[in-house]
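What follows is one chain in C-alpha cells, specifically the form predicted on its own.
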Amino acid sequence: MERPINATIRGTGSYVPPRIVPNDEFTQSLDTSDEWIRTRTGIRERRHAGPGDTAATMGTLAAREALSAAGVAPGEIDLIVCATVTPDLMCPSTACLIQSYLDCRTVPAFDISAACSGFVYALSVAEQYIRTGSAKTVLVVGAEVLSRVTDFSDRNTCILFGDGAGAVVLGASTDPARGLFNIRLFADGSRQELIQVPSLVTPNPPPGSMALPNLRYLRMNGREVFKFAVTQLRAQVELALADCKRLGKELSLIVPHQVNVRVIDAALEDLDFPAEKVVVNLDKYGNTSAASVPIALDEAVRAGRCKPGDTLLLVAFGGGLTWSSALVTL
C-alpha cells in the first residue's frame, strides 16, 4: 500500500523594505509618544515600502529566499498561492506577477484574500494540492503594503501597520512524522464591518455599519477586534495543545499573527505555555497582515529557535472576520 502524501516545509524566506519608521516619527503629526505606542501595542518600529516596492516585488524577494533555502529552482514550482489584501492590481493577481518575476513555468498562480489569516488559508490550499497529488512543489507567499491603505491622521490605526513579505516552499513527502496537519479555517462575515480595507470598486457607502464618507483607508474597530483576537488566539492554542497531547507530540513553538503584544499576553495567560516558546517580532515590524506569520516563521527558523522534528503552531486572525491555525512538524 502506498503511503499517504504529506506537505512539508522545505524552505522559508522573508523580506522587509529598508525604510525603518520608529514610533517617534508619528509624534511630529499626531498626539502620541513612543511610550504610548509601546505600552499599548509592543511596537517600537515598523517598515514602510519605498516607491518601487509592491506586494509582488517584495513577495518575489521573499520567495527567492525560500527557494534558496529549499534548494528548489523556480522551474520546479507546480503552483503559486499568494495571500494579500494589498495587491499590485485587481487583475492580474499578485501571484501571477510573482510567477513572471521568478520566470516560472506556466503553472497555476492565484491570490487568496483572508486578511491576516490569509497565509494559513493559503497553506491549506497548497497542502490539499500536494496531498491529492496535483502538485509536488508549491510556493506560498504572504505579502502586504499596508502603508498605502493607512490613514496617517488616525492615531488608532496608523501606528499598527507595516509592510513586508514572507514565503515558504512546500514539498511532497511520505514521511508520516513530518508535515502540515490539523489545519483549521474559520470565517464570520456577519462581523465584516470590524475591519475593512476599501478598494476602487467599493460601493459608496460600503457594506456594513462602519460606512463613512472617506473610503480611501483601512478602518478598524480596535476595541472589538482586540476582544475577538484574544478569544480566538486562546481557543486555537488550547485546541493545538489538546491535539499534540492526543498525537503524542510536544508543541515546541507558537508562531502567532503579530497584532499586539497585549493580545498575545492576554490569550496565553494561565495556559501554562512558556513565553520564550512564543515568537514575537512585532516590536520591529508591527502588523504586516498576511505577511506576519511567514516573516515570524522565517526568522524563527533562521535563528535556530526550531529544528527538524519540532512541532509548531501557526495561528492567525483578522478581517472577514477570519481566524485560522495549522500544526506543522518540521
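We number the residues from 1 along the sequence you see. Bear in mind that the values here come from a model prediction, so they are computed numbers and not experimental data.
The same protein has a further form, the form predicted together with oxa(dethia)-CoA (UT7), not shown here; the description that follows concerns it.
- The shortest heavy atom separation between residue 220 and oxa(dethia)-CoA (UT7) in the predicted complex is within 4.5 Å.
- A residue is said to contact a partner when one of its heavy atoms sits within 4.5 Å of a partner heavy atom; residue 161 meets this definition for oxa(dethia)-CoA (UT7) in the predicted complex.
- Within 4.5 Å of some heavy atom of oxa(dethia)-CoA (UT7) in the predicted complex lies at least one heavy atom of residue 225.
- Interface membership of residue 202, defined by any non-hydrogen atom within 4.5 Å of oxa(dethia)-CoA (UT7) in the predicted complex, is ruled out.
- Looking at 88 to 96, 152 to 160, 75 to 83, 245 to 253, the stretch with residues near oxa(dethia)-CoA (UT7) in the predicted complex, meaning non-hydrogen atoms within 4.5 angstroms, turns out to be 152 to 160.
- The partner is absent here; in the predicted complex, the one residue of 122, 259, 233, 138 having a heavy atom within 4.5 Å of oxa(dethia)-CoA (UT7) is 259.
- Checking 40, 305, 64, 44 for any heavy atom within 4.5 Å of oxa(dethia)-CoA (UT7) in the predicted complex turns up a single hit: 40.
- Applying a 4.5 Å heavy atom cutoff to oxa(dethia)-CoA (UT7) in the predicted complex picks out 195 as the lone residue from 177 to 198.
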